[in-house]
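In the form predicted alone, a lone chain appears below as structure tokens.
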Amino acid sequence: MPRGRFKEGIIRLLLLMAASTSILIVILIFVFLFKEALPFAVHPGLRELWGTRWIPVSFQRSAYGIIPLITGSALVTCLATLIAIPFGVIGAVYLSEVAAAREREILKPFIELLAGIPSVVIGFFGLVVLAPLVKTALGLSSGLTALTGALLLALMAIPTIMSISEDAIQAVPLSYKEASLALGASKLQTIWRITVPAALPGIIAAIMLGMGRVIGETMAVMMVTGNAAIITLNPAESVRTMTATIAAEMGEVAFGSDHYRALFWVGIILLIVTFAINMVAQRVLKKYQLTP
């Protein structure tokens, strides 16, 4: 074998190993989670997980129902996504199609800076500033509600949605816009009837990646949602998310106990949901990239 081809083969092998590392890590994470969680399936049984009460520490009877945690996560995630979508998409349209070059140079770094702020710092902002505002505006007894968490998570998701959506909009062929303008459409009509629909798959992928960021967030929601494990669809009430439950309880739980195993099942469900959202987002993004 020629020396050049041998070197090329070694390089290809190294690149393959590097690319396979992420797959191996994901598989090992699943293996570890299931290894720790499976004893719970034997005792007290998986049926216990589908209860409506999460009371892992009790002098009478402990309950490990994760339905309140799932509904809390779903409520906060859906509200945050609904709030973030219009701001993220409209902001991306403005940056890509309306803003002057000077404005873009000023706004873009601030958006990227917002995406890089640690979640615990945003959580402090929500606890000190946002929660009292929600309490006063809605006349509530406490500002630690699902709505407060959703507003805070929307603030964290907007930079992701805006950045990826802007890239999708800028990738729309210039010929589409020129043809629309040549046919007599205004610039605003061209943006909303030609450019945005052409970039829609990329925008959808941006929204789903933003949802992945929201559903996996821990510190911010733990600080501002009130951490009440109840089943509710009322944004003005306190809720508890799956991520906050793991963060709050894993450090103090007895190793190998039913409570310990139940937390691993919460982690498995959270990982599966996040993995599914990211897979769908990647498929949509791939379709977008293949669209001429």
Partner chain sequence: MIQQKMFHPALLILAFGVWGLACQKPSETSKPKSGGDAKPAQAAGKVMMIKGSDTMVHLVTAWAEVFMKKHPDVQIAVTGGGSGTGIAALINGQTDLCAASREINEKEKKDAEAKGIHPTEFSVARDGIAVVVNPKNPVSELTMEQVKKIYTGALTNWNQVGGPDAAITVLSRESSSGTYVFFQEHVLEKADYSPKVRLMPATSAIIQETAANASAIGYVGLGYAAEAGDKIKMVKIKAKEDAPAVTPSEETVKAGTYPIARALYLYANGQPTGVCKEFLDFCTSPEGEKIVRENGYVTVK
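Just so it is clear, the structure is predicted and the values come from calculations on it, not from any experiment. Positions refer to the first chain, counted from 1.
The protein also exists as the form predicted together with its partner chain; that form is not presented, and the subsequent description refers to it.
Listed stretches are 169 to 177, 144 to 152, 80 to 88, 182 to 190; the contact stretch with its partner chain in the predicted complex is 144 to 152, by a heavy atom cutoff of 4.5 Å. In the predicted complex, no residue of the candidate spot (157, 197 and 280) has a heavy atom lying within 4.5 Å of its partner chain. Its partner chain is not shown here, and in the predicted complex it never comes within 4.5 Å of any heavy atom of residue 201.
Heavy atoms of residue 264 reach within 4.5 Å of its partner chain in the predicted complex, making it an interface residue. Taking the partner from the other structure, its partner chain in the predicted complex has no heavy atom within 4.5 Å of any heavy atom of residue 123. Among residues of the shown chain, residue 32 is one whose heavy atoms approach its partner chain to within 4.5 Å in the predicted complex. Residues 255, 264, 270, 274, 278 are the ones in 253 to 282 with at least one heavy atom within 4.5 Å of its partner chain in the predicted complex, listed in sequence order.
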